[in-house]
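Take a look at this single chain in structure tokens; it is the form predicted alone.
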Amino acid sequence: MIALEADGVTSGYGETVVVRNMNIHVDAGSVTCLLGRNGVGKTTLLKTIMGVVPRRSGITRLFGQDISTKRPYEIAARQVAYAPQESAVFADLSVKDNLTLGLKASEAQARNVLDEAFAAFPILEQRLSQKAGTLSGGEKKMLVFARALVRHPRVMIIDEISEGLQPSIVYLITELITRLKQNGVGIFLAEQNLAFAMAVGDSYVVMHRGTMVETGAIEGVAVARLEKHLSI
């Protein structure tokens, strides 16, 4: 089953076109990796799918339903979780409030959310009352990922989560993504860390200058082939 789909999507900022005629699909229970060096339009594509950047043409679908005109909060309400590259936390709120903000939950449900986050990233429990803006860069990334995780998404859109993280945390996130796949979650992952992408991914799309230049299955693909694209 196709969980997430972009069909001929073009988008950009003002007069500038950044993404041109992109086609992707993400199956439920699998990871599609969006590969490419900095500045090729990966983040813009993810933000377009989430409704943050307006489309100029094309269609985005969630489990076959057109979400092209939906606003970000409407897309999120359909159990789509977004973990952005820029470690977007609510800086003046505590770690606890960042994790529970927006949840219509009882105290017991809120406690379950926190327990899930701490099970994934124990360091966050030690930072529970700390303002999120004072966390380290790596801790902010963990908070962003945990905040997406505890929403129990059907689809996750993740932007370069491994950047700046120590290897032990990258390994932990690898395990978490593997578990999400096993639970049927479809994951669209933009990455430059090729080793991480190949460890978690099932298929790949290579992006260059705003458009797709190659796609295929990760299993059996030559590492050198993908490295070439990342060094263009």
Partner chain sequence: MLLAAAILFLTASGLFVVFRLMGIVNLAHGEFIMLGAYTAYFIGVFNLSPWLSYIAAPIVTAIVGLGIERVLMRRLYGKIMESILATWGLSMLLQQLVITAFGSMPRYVSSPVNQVVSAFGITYPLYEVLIIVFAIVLLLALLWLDRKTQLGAVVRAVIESPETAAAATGINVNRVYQLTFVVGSMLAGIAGAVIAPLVTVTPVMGLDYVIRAFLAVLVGGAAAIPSVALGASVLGGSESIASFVWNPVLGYVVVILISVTLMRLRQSQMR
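Numbering follows the first chain given and starts at 1. Predicted model only: the values in this text are computed from it and were never measured.
This protein has a second form, the form predicted together with its partner chain, left out of what is shown; the following refers to that one.
Judged against its partner chain in the model of the complex with a 4.5 angstroms heavy atom cut-off, the residues M50, P72 and A76 are in contact without exception.
This chain is displayed without its partner chain, yet in the model of the complex the stretch 77-85 from 158-166, 122-130, 135-143, 77-85 comes within 4.5 Å of it by heavy atoms. Proximity of F90 to its partner chain in the model of the complex: non-hydrogen atoms within 4.5 Å are present.
Heavy atoms of R111 never reach within 4.5 Å of its partner chain in the model of the complex, leaving it off the interface. Using a 4.5 angstroms limit between non-hydrogen atoms, D97 touches its partner chain in the model of the complex. None of the heavy atoms of H152 is located within 4.5 Å of its partner chain in the model of the complex.
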